[in-house]
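Let us start with two forms of the same protein chain, each given on its own as structure tokens and named structure 1 and structure 2.
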Structure 1
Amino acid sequence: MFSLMSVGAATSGLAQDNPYDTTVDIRMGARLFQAECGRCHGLDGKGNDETGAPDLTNGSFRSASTDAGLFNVIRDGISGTTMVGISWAPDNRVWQVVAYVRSLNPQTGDYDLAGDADSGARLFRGKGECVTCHIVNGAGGRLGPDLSTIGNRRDPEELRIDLMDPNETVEPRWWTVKVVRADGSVITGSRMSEDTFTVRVMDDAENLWHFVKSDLRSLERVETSPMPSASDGLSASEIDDLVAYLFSLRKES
């Protein structure tokens, strides 16, 4: 059992492992990362040319290689750079961000998966209707995230959670927006972007709409996922196959 004090003191040991590395910790770390780090590194951790913040998904870190080193960089920042730390955050929250950053670079070693990736690919394109909303290697719909390299970002357990409980974590980019215009007509679709004055929406036909908020009668955000649970239409073995297929979608280094 780790206390916050003992965890903080242990970061000087370069071999120190992260004591907060469960799936729940990763999800909590993702939320803090997106709130505090996403402005520079991007909400997906892929960097930002304008800010010079590096891509955190390629498995290579400039200033640290161990969990302890990442902890120190995330907590204290890097002197002489625009990288500022989150020293205000409790140690366990910093460790959770470490866990999330590590999850962007999963070790794709041996997994004893119950499913068959080829069968999962057929389900993805057929019965599961996943291709309606998701792109893989340039083919598919744009109403959901591009899954072409999802296996680099999610391990099999996380993929299973995503399929079974899509509402567990829904990024703001994938919220649904219902817009009522001044004439009473309604546009519903994915929330592509939003700022103080405007909102951009993609409807189910993949048409893009841009609205000035002051011109609208109302604007409603639905912060749940439009994706149904895989358990609603697929058997346990079919879900195993779909997990195997999704995990096979990764860019080999």
Structure 2
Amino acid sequence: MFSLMSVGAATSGLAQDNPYDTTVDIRMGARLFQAECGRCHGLDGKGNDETGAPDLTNGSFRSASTDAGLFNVIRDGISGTTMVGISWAPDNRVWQVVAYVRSLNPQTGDYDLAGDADSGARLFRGKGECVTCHIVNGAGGRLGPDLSTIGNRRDPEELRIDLMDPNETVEPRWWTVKVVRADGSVITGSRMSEDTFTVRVMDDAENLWHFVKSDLRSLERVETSPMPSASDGLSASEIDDLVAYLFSLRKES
């Protein structure tokens, strides 16, 4: 009992909020982040599929929920992964990195948005027809990504680009493939995953297919987005409303 108490006392600093989170601390943290972490997580913290290091800008983490948890992950690393941590660094410098990582997540308060989220929600389900392809909070179509927490991942400017110019970035998960089988039958759909020998597809009727490439007559891939641009048919103010709605879709904290 006594030893438990003393351990608690020695680490009680961890239970509190980040003691180093001024703008100067964030700047110091950014410098250490670029030196020690950027190699894997990207200089912008957005992750890298080459190193397997995740995006740190979403404001939510698989392995930590509090600042204290984040401190532990960043100091000690994650055992069994390439994430090694900076246990050699003094505590204040680790806290500064925590402050910097937190600052990467856009907060609702950081933006003054022109649009109206409630109108955006109505457009999403109505005129915009977004719900035919996107799930929000468990309901909707499956032909595009789930947008239930999109506000944690994308800032308003990025959301505007997503809507106006869907082809700007298209994750390989949302490429389209056209499969011609040996018997000549054709299946098109979204490319759920592909490897050296096989490919998996969800067709337009939301059926799941698995193909061995060597069995196919042909396999074509289209790397543009199946999503229509919102500028075809929606006004500038309607797009503002959709952006406001999407940015409000966040994990409850």
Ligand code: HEC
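Between two forms, the rigid core is defined as the largest C-alpha subset superposing within 1.5 Å. This is a predicted model, so every value here is computed, not measured. Numbering runs along the sequence of structure 1, starting at 1.
Q: If I had to pick the form predicted on its own out of these two, would it be 1 or 2?
A: The chain shown first - structure 1 - is the form that fits the description.
Q: Please state whether Ser237 has a C-alpha shift of 2 Å or more between structures 1 and 2, with the rigid core used for the fit.
A: Stays below the 2 Å threshold, so no.
Q: Please check if Asp49 moves between structures 1 and 2, taking a CA shift of 2 Å or more relative to the superposed core as movement.
A: Yes, the C-alpha moves 2 Å or more.
Q: So, superposing on the core, is the move of Pro226 at the CA at least 2 angstroms between structures 1 and 2?
A: The answer is no; the displacement is under 2 Å.
Q: Once both forms share the same rigid core frame, by what distance in Å has the CA of Val84 shifted between structures 1 and 2?
A: A shift of 7.6 Å.
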